[in-house]
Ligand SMILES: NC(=O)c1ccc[n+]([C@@H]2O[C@H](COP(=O)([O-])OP(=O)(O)OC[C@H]3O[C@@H](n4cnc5c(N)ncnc54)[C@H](O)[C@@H]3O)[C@@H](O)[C@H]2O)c1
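Below, in C-alpha coordinates: the form predicted on its own, a single chain.
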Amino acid sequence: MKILITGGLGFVGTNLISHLTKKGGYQIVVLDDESLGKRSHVAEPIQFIKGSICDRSLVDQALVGVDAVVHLAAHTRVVESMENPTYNFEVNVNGTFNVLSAMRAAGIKRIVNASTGGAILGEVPPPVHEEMVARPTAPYGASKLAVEGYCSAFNAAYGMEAVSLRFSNVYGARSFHKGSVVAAFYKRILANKPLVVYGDGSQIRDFVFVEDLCQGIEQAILQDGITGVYQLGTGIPTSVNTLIDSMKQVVPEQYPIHVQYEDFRRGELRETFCDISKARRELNFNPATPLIEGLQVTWDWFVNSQQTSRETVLI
(Lines give C-alpha, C1' and ligand atoms only; values in the text may rest on other atoms or scores of the structure.)
Protein backbone atom coordinates (compact mmCIF):
# COMPACT_ATOMS: atom_id res chain seq x y z
CA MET A 1 0.00 0.00 0.00
CA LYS A 2 1.51 3.31 -1.09
CA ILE A 3 0.96 6.10 1.44
CA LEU A 4 1.71 9.81 1.12
CA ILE A 5 2.47 11.44 4.48
CA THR A 6 2.42 15.23 4.30
CA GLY A 7 4.52 16.79 7.03
CA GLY A 8 6.10 13.37 7.47
CA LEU A 9 9.36 14.67 8.94
CA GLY A 10 7.62 16.08 12.00
CA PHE A 11 7.15 14.43 15.37
CA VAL A 12 4.07 12.33 14.58
CA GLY A 13 5.24 11.70 11.01
CA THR A 14 8.62 10.23 11.90
CA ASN A 15 7.03 7.98 14.50
CA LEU A 16 4.35 6.92 12.01
CA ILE A 17 6.99 6.08 9.40
CA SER A 18 8.79 3.89 11.95
CA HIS A 19 5.51 2.25 13.01
CA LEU A 20 4.38 1.45 9.46
CA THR A 21 7.83 0.24 8.40
CA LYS A 22 7.95 -2.20 11.30
CA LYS A 23 4.49 -3.47 10.37
CA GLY A 24 5.54 -3.99 6.74
CA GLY A 25 3.45 -3.84 3.59
CA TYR A 26 3.71 -0.07 3.11
CA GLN A 27 5.54 2.08 0.57
CA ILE A 28 5.92 5.58 1.99
CA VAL A 29 6.19 8.94 0.24
CA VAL A 30 6.87 12.06 2.31
CA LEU A 31 6.14 15.66 1.29
CA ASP A 32 7.74 18.08 3.77
CA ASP A 33 9.37 21.51 3.56
CA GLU A 34 11.94 20.64 6.28
CA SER A 35 10.99 23.76 8.23
CA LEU A 36 11.04 21.68 11.42
CA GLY A 37 12.10 18.10 10.78
CA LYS A 38 14.93 17.01 8.47
CA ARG A 39 15.26 14.13 6.01
CA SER A 40 18.28 12.96 8.01
CA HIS A 41 15.99 12.32 11.00
CA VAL A 42 14.38 9.39 9.17
CA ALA A 43 16.46 6.21 8.85
CA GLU A 44 13.70 4.20 7.19
CA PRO A 45 13.53 3.92 3.37
CA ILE A 46 11.13 6.52 1.98
CA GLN A 47 10.60 8.55 -1.16
CA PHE A 48 11.15 12.15 -0.13
CA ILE A 49 9.88 15.27 -1.90
CA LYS A 50 10.95 18.58 -0.40
CA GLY A 51 8.33 21.31 -0.57
CA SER A 52 5.12 22.78 0.75
CA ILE A 53 1.53 21.61 0.53
CA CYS A 54 0.84 25.12 -0.77
CA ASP A 55 2.67 24.19 -4.00
CA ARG A 56 0.04 22.39 -6.07
CA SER A 57 2.53 21.04 -8.64
CA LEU A 58 4.55 19.35 -5.89
CA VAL A 59 1.39 17.91 -4.34
CA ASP A 60 0.44 16.46 -7.74
CA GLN A 61 3.92 14.95 -8.05
CA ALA A 62 3.78 13.45 -4.56
CA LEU A 63 0.41 11.77 -5.24
CA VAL A 64 1.53 9.70 -8.24
CA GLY A 65 0.60 6.06 -7.60
CA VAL A 66 -0.59 6.76 -4.06
CA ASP A 67 -3.42 4.74 -2.46
CA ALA A 68 -4.06 6.91 0.62
CA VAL A 69 -2.91 10.14 2.25
CA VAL A 70 -2.06 10.86 5.88
CA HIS A 71 -2.23 14.64 6.13
CA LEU A 72 -0.06 15.89 8.99
CA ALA A 73 1.40 19.07 7.46
CA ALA A 74 0.16 22.13 9.31
CA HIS A 75 1.06 25.23 11.25
CA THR A 76 0.18 24.11 14.77
CA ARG A 77 1.21 26.85 17.21
CA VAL A 78 -1.81 28.42 18.91
CA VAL A 79 -0.12 31.61 20.12
CA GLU A 80 1.70 32.14 16.81
CA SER A 81 -1.61 31.75 14.96
CA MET A 82 -2.93 34.71 16.95
CA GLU A 83 0.10 36.78 16.00
CA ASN A 84 -0.01 35.82 12.31
CA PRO A 85 -3.44 34.41 11.40
CA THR A 86 -2.85 34.93 7.66
CA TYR A 87 0.09 32.52 7.55
CA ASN A 88 -1.84 29.98 9.62
CA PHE A 89 -4.76 30.20 7.17
CA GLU A 90 -2.54 29.89 4.09
CA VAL A 91 -0.84 26.73 5.32
CA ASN A 92 -3.70 24.98 7.06
CA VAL A 93 -6.73 25.88 4.93
CA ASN A 94 -5.34 26.70 1.48
CA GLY A 95 -2.69 24.01 1.79
CA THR A 96 -5.23 21.35 2.71
CA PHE A 97 -7.55 22.47 -0.10
CA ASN A 98 -4.61 21.90 -2.47
CA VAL A 99 -4.21 18.36 -1.14
CA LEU A 100 -7.92 17.54 -1.40
CA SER A 101 -8.24 19.03 -4.89
CA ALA A 102 -5.16 17.17 -6.12
CA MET A 103 -6.49 13.92 -4.64
CA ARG A 104 -9.80 14.45 -6.41
CA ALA A 105 -8.03 15.05 -9.73
CA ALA A 106 -5.91 11.90 -9.23
CA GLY A 107 -8.87 9.74 -8.18
CA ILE A 108 -7.46 9.05 -4.72
CA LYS A 109 -10.26 8.41 -2.23
CA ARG A 110 -8.68 7.92 1.21
CA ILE A 111 -7.35 10.70 3.47
CA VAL A 112 -6.62 10.63 7.19
CA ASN A 113 -6.47 14.24 8.34
CA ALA A 114 -4.71 15.29 11.56
CA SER A 115 -7.01 17.60 13.49
CA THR A 116 -7.32 18.77 17.09
CA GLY A 117 -10.01 18.70 19.75
CA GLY A 118 -9.52 21.40 22.34
CA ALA A 119 -8.54 24.22 19.97
CA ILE A 120 -11.58 23.58 17.76
CA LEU A 121 -14.14 23.25 20.55
CA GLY A 122 -12.93 26.07 22.78
CA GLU A 123 -13.77 26.36 26.47
CA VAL A 124 -16.40 23.64 26.93
CA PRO A 125 -17.00 21.27 29.84
CA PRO A 126 -14.86 18.14 29.33
CA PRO A 127 -14.74 15.42 28.29
CA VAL A 128 -14.92 16.73 24.74
CA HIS A 129 -16.56 14.56 22.09
CA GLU A 130 -17.37 14.60 18.40
CA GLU A 131 -20.93 15.91 18.74
CA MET A 132 -20.03 19.13 20.54
CA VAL A 133 -20.59 22.47 18.80
CA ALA A 134 -17.27 24.01 17.78
CA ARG A 135 -16.34 27.43 19.14
CA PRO A 136 -12.65 28.03 18.36
CA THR A 137 -10.85 30.58 20.53
CA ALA A 138 -7.78 31.09 18.28
CA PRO A 139 -7.14 31.17 14.50
CA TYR A 140 -5.39 27.79 14.72
CA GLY A 141 -8.57 26.11 15.95
CA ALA A 142 -10.62 27.94 13.33
CA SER A 143 -8.30 26.75 10.56
CA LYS A 144 -8.54 23.14 11.72
CA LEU A 145 -12.34 23.40 11.88
CA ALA A 146 -12.35 24.72 8.30
CA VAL A 147 -10.21 21.77 7.22
CA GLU A 148 -12.63 19.32 8.85
CA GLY A 149 -15.42 21.08 6.96
CA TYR A 150 -13.68 20.64 3.61
CA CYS A 151 -12.99 16.98 4.38
CA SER A 152 -16.69 16.50 5.10
CA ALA A 153 -17.66 18.35 1.91
CA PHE A 154 -15.28 16.32 -0.29
CA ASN A 155 -16.74 13.17 1.23
CA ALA A 156 -20.34 14.19 0.50
CA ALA A 157 -19.72 15.82 -2.89
CA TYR A 158 -17.04 13.57 -4.40
CA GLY A 159 -17.15 10.31 -2.44
CA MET A 160 -13.81 10.86 -0.72
CA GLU A 161 -13.31 8.70 2.38
CA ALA A 162 -12.07 11.46 4.66
CA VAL A 163 -11.34 10.84 8.33
CA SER A 164 -10.35 13.67 10.68
CA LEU A 165 -8.57 12.53 13.83
CA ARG A 166 -8.64 15.03 16.67
CA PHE A 167 -5.35 14.46 18.47
CA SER A 168 -5.07 15.33 22.14
CA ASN A 169 -1.64 16.26 23.63
CA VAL A 170 0.78 13.85 21.98
CA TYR A 171 4.18 13.06 23.53
CA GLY A 172 6.97 10.57 22.95
CA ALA A 173 10.31 9.96 21.28
CA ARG A 174 11.49 12.02 18.28
CA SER A 175 9.87 15.19 19.64
CA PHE A 176 13.12 17.18 19.47
CA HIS A 177 11.58 20.25 17.80
CA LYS A 178 8.21 20.25 19.56
CA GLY A 179 7.02 23.11 21.72
CA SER A 180 4.43 20.90 23.44
CA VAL A 181 4.66 20.59 27.19
CA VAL A 182 6.40 17.22 27.67
CA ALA A 183 9.10 17.93 25.08
CA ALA A 184 9.58 21.50 26.31
CA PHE A 185 9.88 20.38 29.93
CA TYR A 186 12.40 17.63 29.17
CA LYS A 187 14.56 19.96 27.10
CA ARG A 188 14.59 22.50 29.91
CA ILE A 189 15.47 19.85 32.50
CA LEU A 190 18.44 18.72 30.40
CA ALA A 191 19.51 22.34 29.95
CA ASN A 192 19.26 22.93 33.73
CA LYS A 193 16.53 25.53 33.28
CA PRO A 194 13.33 25.89 35.32
CA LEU A 195 10.06 24.53 33.95
CA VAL A 196 7.86 27.45 32.94
CA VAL A 197 4.17 26.88 33.68
CA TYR A 198 1.71 29.44 32.34
CA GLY A 199 -0.95 29.46 35.03
CA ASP A 200 -1.03 27.70 38.38
CA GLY A 201 -0.53 24.19 37.02
CA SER A 202 -4.12 23.15 37.61
CA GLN A 203 -4.94 23.26 33.89
CA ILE A 204 -6.00 19.86 32.57
CA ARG A 205 -4.79 18.04 29.44
CA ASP A 206 -5.11 14.57 27.90
CA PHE A 207 -1.62 13.15 27.23
CA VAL A 208 -1.46 10.32 24.67
CA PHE A 209 1.73 8.38 23.86
CA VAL A 210 2.76 8.71 20.23
CA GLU A 211 2.95 4.96 19.55
CA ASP A 212 -0.66 4.55 20.69
CA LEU A 213 -1.61 7.43 18.40
CA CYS A 214 0.18 5.80 15.44
CA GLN A 215 -1.83 2.63 15.96
CA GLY A 216 -5.00 4.74 15.76
CA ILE A 217 -3.82 6.40 12.55
CA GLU A 218 -3.06 3.03 10.97
CA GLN A 219 -6.52 1.78 11.89
CA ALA A 220 -8.02 4.81 10.16
CA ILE A 221 -5.94 4.10 7.04
CA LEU A 222 -7.01 0.47 6.81
CA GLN A 223 -10.71 0.49 7.67
CA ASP A 224 -12.80 0.92 4.53
CA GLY A 225 -15.90 3.05 4.68
CA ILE A 226 -14.90 4.97 7.81
CA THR A 227 -15.43 8.73 7.52
CA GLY A 228 -15.99 11.68 9.83
CA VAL A 229 -14.39 12.92 13.04
CA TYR A 230 -12.79 10.89 15.83
CA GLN A 231 -11.19 11.94 19.11
CA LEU A 232 -7.82 10.26 19.77
CA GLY A 233 -6.47 10.61 23.29
CA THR A 234 -6.61 8.54 26.46
CA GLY A 235 -9.75 9.90 28.08
CA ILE A 236 -7.68 10.48 31.24
CA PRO A 237 -7.54 14.05 32.63
CA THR A 238 -4.08 15.02 33.89
CA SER A 239 -3.12 18.37 35.38
CA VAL A 240 0.20 20.00 34.52
CA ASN A 241 1.19 19.73 38.17
CA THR A 242 0.45 15.99 38.08
CA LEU A 243 2.52 15.71 34.91
CA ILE A 244 5.45 17.39 36.70
CA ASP A 245 5.08 15.04 39.69
CA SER A 246 5.18 12.09 37.29
CA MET A 247 8.31 13.47 35.62
CA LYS A 248 9.97 13.66 39.03
CA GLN A 249 9.45 9.90 39.34
CA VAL A 250 11.17 9.34 36.00
CA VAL A 251 14.01 11.89 35.95
CA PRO A 252 17.12 10.94 37.99
CA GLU A 253 18.06 13.09 40.98
CA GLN A 254 21.11 14.56 39.22
CA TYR A 255 18.63 16.55 37.11
CA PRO A 256 16.86 18.81 39.64
CA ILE A 257 13.40 20.00 38.58
CA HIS A 258 12.46 23.60 39.42
CA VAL A 259 9.14 25.14 38.44
CA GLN A 260 8.49 28.78 37.55
CA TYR A 261 4.84 29.87 37.37
CA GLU A 262 3.80 32.70 35.04
CA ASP A 263 0.45 34.28 34.10
CA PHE A 264 -2.01 32.33 31.96
CA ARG A 265 -1.59 33.01 28.23
CA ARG A 266 -4.50 34.39 26.23
CA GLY A 267 -6.10 31.88 23.83
CA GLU A 268 -4.97 28.74 25.66
CA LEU A 269 -7.52 26.39 27.23
CA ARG A 270 -7.72 25.82 30.97
CA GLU A 271 -9.20 22.33 30.90
CA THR A 272 -9.64 19.73 28.18
CA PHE A 273 -9.64 15.97 27.84
CA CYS A 274 -11.58 13.74 25.48
CA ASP A 275 -14.13 10.96 25.28
CA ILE A 276 -12.63 8.28 23.01
CA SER A 277 -15.55 5.85 23.06
CA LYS A 278 -16.35 6.41 19.36
CA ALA A 279 -12.74 5.69 18.33
CA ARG A 280 -12.68 2.60 20.56
CA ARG A 281 -15.90 1.33 19.00
CA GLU A 282 -15.33 2.13 15.32
CA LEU A 283 -11.53 2.24 14.93
CA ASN A 284 -10.60 -0.38 17.54
CA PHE A 285 -8.47 2.33 19.12
CA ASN A 286 -6.97 1.17 22.41
CA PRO A 287 -4.33 3.47 23.97
CA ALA A 288 -2.58 1.16 26.42
CA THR A 289 0.58 3.02 27.51
CA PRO A 290 0.46 4.36 31.11
CA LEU A 291 1.74 7.93 31.53
CA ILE A 292 4.74 6.91 33.68
CA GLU A 293 5.82 4.30 31.12
CA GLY A 294 5.47 6.72 28.22
CA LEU A 295 7.36 9.44 30.08
CA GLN A 296 10.18 6.99 30.82
CA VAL A 297 10.53 6.02 27.16
CA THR A 298 10.46 9.69 26.16
CA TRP A 299 13.06 10.69 28.79
CA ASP A 300 15.40 7.88 27.70
CA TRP A 301 15.14 9.06 24.11
CA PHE A 302 15.96 12.66 25.02
CA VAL A 303 18.96 11.61 27.12
CA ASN A 304 20.30 9.38 24.34
CA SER A 305 19.74 12.11 21.77
CA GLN A 306 21.58 14.64 23.91
CA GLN A 307 24.71 12.52 23.67
CA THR A 308 24.80 12.88 19.88
CA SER A 309 23.33 16.31 19.19
CA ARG A 310 23.12 19.56 21.12
CA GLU A 311 20.02 20.66 19.17
CA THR A 312 17.81 18.49 21.35
CA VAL A 313 18.37 20.70 24.40
CA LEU A 314 17.94 24.09 22.77
CA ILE A 315 14.55 25.80 22.98
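If you're wondering where the values come from, they're calculated on a predicted model, not measured in any experiment. Numbering starts at 1 and runs along the sequence shown.
Heads up, the form predicted in complex with the named molecule isn't pictured, but that's what we're talking about next.
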Which of 218-226, 186-194, 241-249, 109-117 has heavy atoms within 4.5 Å of the named molecule in the predicted complex? 109-117
Tell me, out of 121, 147, 91, 103, which residue has a non-hydrogen atom within 4.5 angstroms of the named molecule in the predicted complex. 91
Since exactly one of 67, 44, 262, 34 fits, which has a heavy atom within 4.5 Å of the named molecule in the predicted complex? 34
Decide yes or no: are 23, 287 and 299 jointly within 4.5 Å of the named molecule in the predicted complex, with each residue judged by its heavy atoms? no
Counting only non-hydrogen atoms and a 4.5 angstroms cut-off, does residue 140 reach the named molecule in the predicted complex? yes
Taking the shortest heavy atom distance, is residue 12 within 4.5 Å of the named molecule in the predicted complex? yes
Is residue 73 near the named molecule? Define near as a heavy atom within 4.5 Å, in the predicted complex. yes
So, in the predicted complex, is residue 169 in contact with the named molecule at a 4.5 angstroms heavy atom limit? yes
Who in 45-67 is close to the named molecule in the predicted complex, meaning a heavy atom within 4.5 Å? 51, 52, 53
